[in-house]
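Listed next as structure tokens is one chain, alone, in the form predicted alone.
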Amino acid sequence: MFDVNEFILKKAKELGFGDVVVLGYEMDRRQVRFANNEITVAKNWHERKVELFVELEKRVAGTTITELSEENIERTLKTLLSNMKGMAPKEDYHGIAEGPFQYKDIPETFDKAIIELDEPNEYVETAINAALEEGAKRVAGVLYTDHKGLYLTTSNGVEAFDEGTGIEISVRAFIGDLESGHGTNSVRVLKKFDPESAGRKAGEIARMAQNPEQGPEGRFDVIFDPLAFANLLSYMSFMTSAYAAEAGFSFLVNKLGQKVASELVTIKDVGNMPNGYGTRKFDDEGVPTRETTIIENGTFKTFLLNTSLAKKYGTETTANAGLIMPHAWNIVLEPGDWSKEELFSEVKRGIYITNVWYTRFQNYVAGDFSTIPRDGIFLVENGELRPIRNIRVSDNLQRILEGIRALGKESYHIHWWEVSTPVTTPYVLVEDVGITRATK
């Protein structure tokens, strides 16, 4: 792919562009879907594309090129040039990172065994059987394997390559129309893949969720399963981008240095985390990825930044480019010291939420949101669980963070289609959460 990158960079400079970033992707992906306890679809596909960022006298633009012929590349560049001449300059644009950089290999991000895996079906069967053993009647889901190459070339002296693999499974288990559970497992190296745990958790929750009753309304202490809390933190990760703050999509605006969460809460973005599903050696400018503390003991420390935004605010990049929008790689909520059993015994009358979806913000700047619990939901009374259904969480994201009373001591790495930014989180106990009845 570097030959494609170099051709794009050469032609872009000939046309008069200033800053140019060419990020080539080459990906082999395999998908195995299953339903009603059996494999239904197996697909493989190969993709090559280029994400292109260009600057012309402080006018900036980006596009994706999937047809990588020289003719199409030149046509795309000329179209960009023509369109950008009519754009207003972005006066607060301050350039891209100056390379070159040195990169360290990150452990547990590449595994040849995943590339050479002939038959992933056995892992699907393991997950299905584990769910059935726990009492599920029907099991469905999807398994993916990925092999990706990243090829980065910039006009500021960066040429960098990264190669990674991954394997993940998402399992839903069903008993009747109202009883279901969900489990996931996402890793970068095959030896750490545990589809059985995903299937077993999904089956166990479905079995526990039988014969649910209408859930109560009011304010309750809530135990969020890692799968559920990861959803909220994935949405929050978008709001930690300086771009989101400037665009009016963050409750963190004007809160640097302020308390925004319980003192128990430390949240980091770890771009170089071993075995992290979002881990990369470098960001979209070529800056080596690193660990950035976003919230420390409840205090908001920094937005996520690229080079241009960092210069605008008189600080250093956090190595989270996105050229237009900085973004997180792997969000980590630091664990506490409570066992799962201690968390549940702490709740005299509350709710355990195992999963959520349809998370929607009514006001991004205020942080007001609602989300619908799915799969097993349980009323917790003196450590005992009773299945309920048809409730909605209606609250405020900062108030949720401030209301965290206890954190489990075991962490879980979550990534699936409702958690697009990977999140590592323990079980979380939040006090006084607003619960309403879901609309049927």
Partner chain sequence: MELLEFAVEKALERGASYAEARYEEKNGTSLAMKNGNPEGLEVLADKGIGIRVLVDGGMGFASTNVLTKESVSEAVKKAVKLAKAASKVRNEPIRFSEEDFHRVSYKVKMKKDFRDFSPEEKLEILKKIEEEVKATGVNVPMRYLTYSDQLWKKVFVNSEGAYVKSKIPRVSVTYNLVVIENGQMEQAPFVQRAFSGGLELIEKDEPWKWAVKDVQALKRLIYEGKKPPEGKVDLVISPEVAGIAVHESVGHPYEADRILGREAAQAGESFVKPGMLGERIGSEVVTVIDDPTIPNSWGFYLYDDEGVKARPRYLIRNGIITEFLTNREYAAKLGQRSNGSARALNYNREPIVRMANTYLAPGDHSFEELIEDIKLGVYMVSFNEWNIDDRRYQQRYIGREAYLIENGEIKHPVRRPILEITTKALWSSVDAVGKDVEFYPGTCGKGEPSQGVPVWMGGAHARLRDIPLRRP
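Between two forms, the rigid core is the largest collection of C-alphas that superpose within 1.5 Å. Positions refer to the first chain, counted from 1. Because the structure is a prediction, the values reported are computed rather than measured.
Keep in mind the form predicted together with the partner chain is missing from the figure; the text below concerns it.
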Query raised in the report: Which among 98 to 106, 350 to 358, 225 to 233, 150 to 158 is in contact with the partner chain in the predicted complex, heavy atoms within 4.5 angstroms?
Result: 350 to 358
Query raised in the report: Considering the partner chain in the predicted complex, which of Ser197, Thr293, Asn121, Asn297 comes within 4.5 Å of it through any heavy atom?
Result: Asn121
Report summary line: Exactly one of Pro288, Pro335, Pro89, Gly135 comes within 4.5 Å of the partner chain in the predicted complex through a heavy atom, and that residue is Pro89
Query raised in the report: Is Ile39 close enough to touch the partner chain in the predicted complex, meaning at least one heavy atom pair within 4.5 Å?
Result: yes
Requested in this report: Answer with yes or no whether Val365 is in contact with the partner chain in the predicted complex, where contact means some heavy atom within 4.5 Å.
Outcome: yes
**Report entry** the partner chain contact in the predicted complex: Arg386, any heavy atom under 4.5 Å
**Finding:** no
Query raised in the report: Wondering, does Ser345 line up within 4.5 Å of the partner chain in the predicted complex on heavy atoms?
Result: no
Query - Contact check for Thr165, Lys268 and Thr315 against the partner chain in the predicted complex, heavy atom at 4.5 Å - result: no
Query raised in the report: Can you name the residues of 362 to 400 that have a heavy atom within 4.5 Å of the partner chain in the predicted complex?
Result: Gln362, Asn363, Tyr364, Val365, Ala366, Asp368, Phe369, Ser370, Thr371, Ile372, Arg374, Asn390, Arg392, Ser394
Query raised in the report: 2 Å or more on the CA of Ile372 between this form and the one not shown, with the rigid core superposed, yes or no?
Result: no
Report task. Spell out whether the Cα of Glu381 moves at least 2 Å between this form and the one not shown when the two forms are superposed on their rigid core. Result -> no
Query raised in the report: Does the distance between the two CA positions of Ile39 reach 2 Å or more between this form and the one not shown, the core being superposed?
Result: yes
